[in-house]
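Included below are structure tokens for two forms of one protein chain, each presented in isolation as structure 1 and structure 2.
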Structure 1
Amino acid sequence: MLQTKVDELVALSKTESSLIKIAAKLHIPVEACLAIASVLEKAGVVQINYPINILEPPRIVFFGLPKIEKKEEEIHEKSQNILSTYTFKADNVPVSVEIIDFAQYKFYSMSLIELSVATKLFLDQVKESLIKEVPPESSDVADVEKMLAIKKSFYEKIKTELIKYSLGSEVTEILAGLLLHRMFGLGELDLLNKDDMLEEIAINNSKDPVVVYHRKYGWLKTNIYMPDETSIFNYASQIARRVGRQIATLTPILDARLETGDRVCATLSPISSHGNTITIRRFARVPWTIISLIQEPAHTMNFEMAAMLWQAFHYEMNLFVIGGTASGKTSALNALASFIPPNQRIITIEDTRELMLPKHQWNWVPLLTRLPNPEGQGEITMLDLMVTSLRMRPDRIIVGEIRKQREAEVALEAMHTGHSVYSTFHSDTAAQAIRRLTTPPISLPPSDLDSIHLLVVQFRDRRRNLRRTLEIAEIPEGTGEGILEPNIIYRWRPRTDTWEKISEPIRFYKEMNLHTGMTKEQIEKDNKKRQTILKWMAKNKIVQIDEVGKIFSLYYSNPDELYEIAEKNLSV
């Protein structure tokens, strides 16, 4: 339990009434001691008696603390095994987590630092005073950076309020974080959202516990419950207001994002028949890079495959990253985008801001779609942005995801007009992706698909909780109206968790020869050189996005010098 000056004051007031003596024992100024007592007086814990003689100090009289019933903890089976324990901080609030394995399911137990009854009452009163000065719903803005600035400003406002009580810097920061979550944030959901081991946070209704998807252990029940359906609705409404939208009976579905960039989907009953729901998809706080994808624990692809994709990005081949839901498509695309030379103009088009490029790619314009307002006006679709991007003189266009026929048509048209286009697409294999693109509802002519040079297939093994690059395939050139069959170059073998080269690339070599004049032998030699550089980066733990970007920028300015550094294992 966190011991605060509030608890010490309450304990001392039971035996000592002199304000000056209590302040001396607490080692805080008399003014701070009086301020704490004034707050506790509002809560009915103590009473301050001011003597007739103004020269005499006030006296503190202890009244009593209310009894607060402890919540009954969920009873689990006796047979349990603790799989993992770890701690993290959420806005300076310490949180401890236990992952427990029961006979039939795994459990995520989150424990907050415990507060005494007196400190809880003190915080409630401070919260009331802050609400009058800074209403927590004053942040009706859609810009993520502004949201973060408002949140930081409000946190500082809370700290300033608490500092006058002289509670100590550590206690002040913890209590300020707790108040921030209660007033500005989403309560316990904010705490979960600070756990970087979680990918998904889901509220199914108020009767069932909140569930989370853990990076290592998959779906887990938690010890967190929503008080009632109204609380879930209030959280959803709070998120909606911040992005200038609303969720109500007439508009019971919300698609939005938090100030952290995480995607939120909320639904209201009776659309979701068991109750109101909120699903938060957390995005990586540290962007994925090609080195973090290759190395353990990700181990998504090997160095040879990464070097080939580097060549493809360098020489402006068009590429789709495909796969199922949560297979790592966007993470892979984000990592591969660092291969783009720094002197080229990049336009990214997304529903929710997920892509994060290194600083060396300074000529980057991120575009975001926008949903219509409650009156049905103001919608900006992905198609609108794709058409607009063609007027911005891009060298590379990155589309978050292609879903509809018209979007696919515009993407292919951009390829035909000389732009390099990269995107993600939902499909489980390269062959399936071709079928989806050439059959209803997308129905593209098979002859148009030869604009796409490579397909990178991401796969998620749910049983072992692994993400791997399942295939790298090329689409044959000059195809007619018949059945298209991809040329599979690499394929993952699940039994050995390794990659096998199935066949030699044909079109890849042709395109490389056409645009660089290199022979097959020279292309393979270039691939090995790039592998050497990637291995050197991995060995020297060059993993952070801006560090990786710096190395690739150096490569494009002087490739021979960087290769020599890598070959000799020197430092940059």
Structure 2
Amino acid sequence: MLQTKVDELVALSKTESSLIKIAAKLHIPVEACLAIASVLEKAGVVQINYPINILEPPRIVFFGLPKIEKKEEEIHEKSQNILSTYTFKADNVPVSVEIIDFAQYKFYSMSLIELSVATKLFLDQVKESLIKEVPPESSDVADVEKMLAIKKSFYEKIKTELIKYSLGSEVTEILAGLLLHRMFGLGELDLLNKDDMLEEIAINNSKDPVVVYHRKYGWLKTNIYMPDETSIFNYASQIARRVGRQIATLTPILDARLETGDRVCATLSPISSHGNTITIRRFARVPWTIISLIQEPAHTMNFEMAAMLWQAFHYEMNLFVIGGTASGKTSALNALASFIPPNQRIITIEDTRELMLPKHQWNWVPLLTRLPNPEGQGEITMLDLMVTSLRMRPDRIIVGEIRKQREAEVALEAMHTGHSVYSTFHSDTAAQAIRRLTTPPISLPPSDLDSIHLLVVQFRDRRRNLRRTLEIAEIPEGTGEGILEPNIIYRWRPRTDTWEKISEPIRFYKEMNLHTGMTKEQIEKDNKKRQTILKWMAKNKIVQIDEVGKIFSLYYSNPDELYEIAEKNLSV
């Protein structure tokens, strides 16, 4: 429970009535003490008596605290197995989470910091006096940036008000955050949205609890409920409006990507027969880097594979990251993009800003598609942007995801005209990707496919909640005859959770040799050196995107020196 000066004042007022003495004991100015007492007087907790002799200071007399019935909480029997507890902050307010293992399911219990009765009453009164200042319709502003600006200025107002009471900076921050949540209509759902351990937040209807997908524990029931079907609908429409769309009886499905990168899918009853639904896929706030992908807990690929991909990015090979839904394609591609040398011009093309490049890549132009407006005008497609990008003299083009025939064709055209192209593509294995790319509806000619040098296959083991690079494969140089079979270089073995090199690369060596003149042995040695650098980075916790980017940019200006430093440091 949060202890505040308000509680101290209430406790003191039971035995001491001199305002001056109370203020001294609380270590706050007399005016601040009087201000707190005045708020508490409105709440009926204390009385302020002004003596007849006006030279004497007022006296504070304890009046009484109402008994607030404790809300019936979901109290779990002590025998339940608590798997984990942690806290995170939402607008400075500490939120605590307990993950509990029930026999049939796992449970996510979220609670805000608890306030005493006196502080609660105090805060209610402060809220009353501030309420007139809440901008009308503030929670309904369509423009996100505008809304954030309003929220920020209002937060400042709350803080200015609270500072009058000298409650101390920490308590002031927490109370200001709490007031902001209450007055700005941030529901519990918004609190969930601040927990970076959550990948997905789903509302199935108003009768069942909100469920979440936790990075570590998978699907969990929560102690949060939506009050009714209308609130779910309202929340969905609010999201729709923010992205200039609408959800209604005639258009009961909303599929939207928010500016934050989060993806939202909502459906209305009776399409979803148990009630209205909203599924939010949260965008990773801290971008993955090659080091965070290699290290535990992700452990998605090993150093040798990462070093090979580094060579591929260095020497401009084209590469697709493929895999199933949410297997980590975009995250892997984003992490790999840091391998691009810093003096190159990079153009990224996506539906929403998911890709984030390190600062050292200073010649980066991110482009974004746009949906048509409700009248059907103004659409900018992936294809429009791909064609445009070719006129912007890029060295490397990163396309968020290729879905359609024309997009695939333009990607190949770009490769043929000497650009390096990277993208993601939905399919489960390298062999399946080749099949899907060469048959309808994509129908690329098999003989053209060899412009793509490498395929990195991402895989998500839902049962064990693991994400692994399943395969790194080459597309063989096509003759255009027969079925193209990928050359699988690395494959993940699920049973042992390790990777095996199952065949030697062919094209990869050829391509490396073409660019550098290195022999197979030299290329292998170069791979080892890069591994040393990656291991050194991991050992020294160089994980954050800009730090990782900086090391790679150092590598490109002075590879040998960096290698020597890494090797020396690793051997101690």
Ligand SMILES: Nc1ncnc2c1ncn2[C@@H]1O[C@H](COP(=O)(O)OP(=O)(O)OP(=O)(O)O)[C@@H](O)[C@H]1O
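Heads up, when I say rigid core I mean the largest set of C-alphas that superpose within 1.5 Å between the two forms. Counting starts at 1 with the first residue of structure 1 and goes up one by one along its sequence. Given the structure is predicted, the values throughout are model-derived calculations rather than measurements.
Both panels show the same chain in isolation, but it is structure 1 that comes from the form predicted alone. Shown in the overlay between structures 1 and 2, fitted on the rigid core, is a CA shift at residue 507 smaller than 2 Å. Shown in the overlay between structures 1 and 2, fitted on the rigid core, is a CA shift at residue 546 smaller than 2 Å. When two forms of a protein are overlaid on their rigid core, residues whose CA moves 2 Å or more are considered shifted, and residue 298 is not one of them between structures 1 and 2. Structural comparison between structures 1 and 2 after rigid-core fitting shows the C-alpha of residue 250 displaced 3.2 Å. Once the rigid core is matched between structures 1 and 2, the CA atom of residue 40 is found 8.9 Å away.
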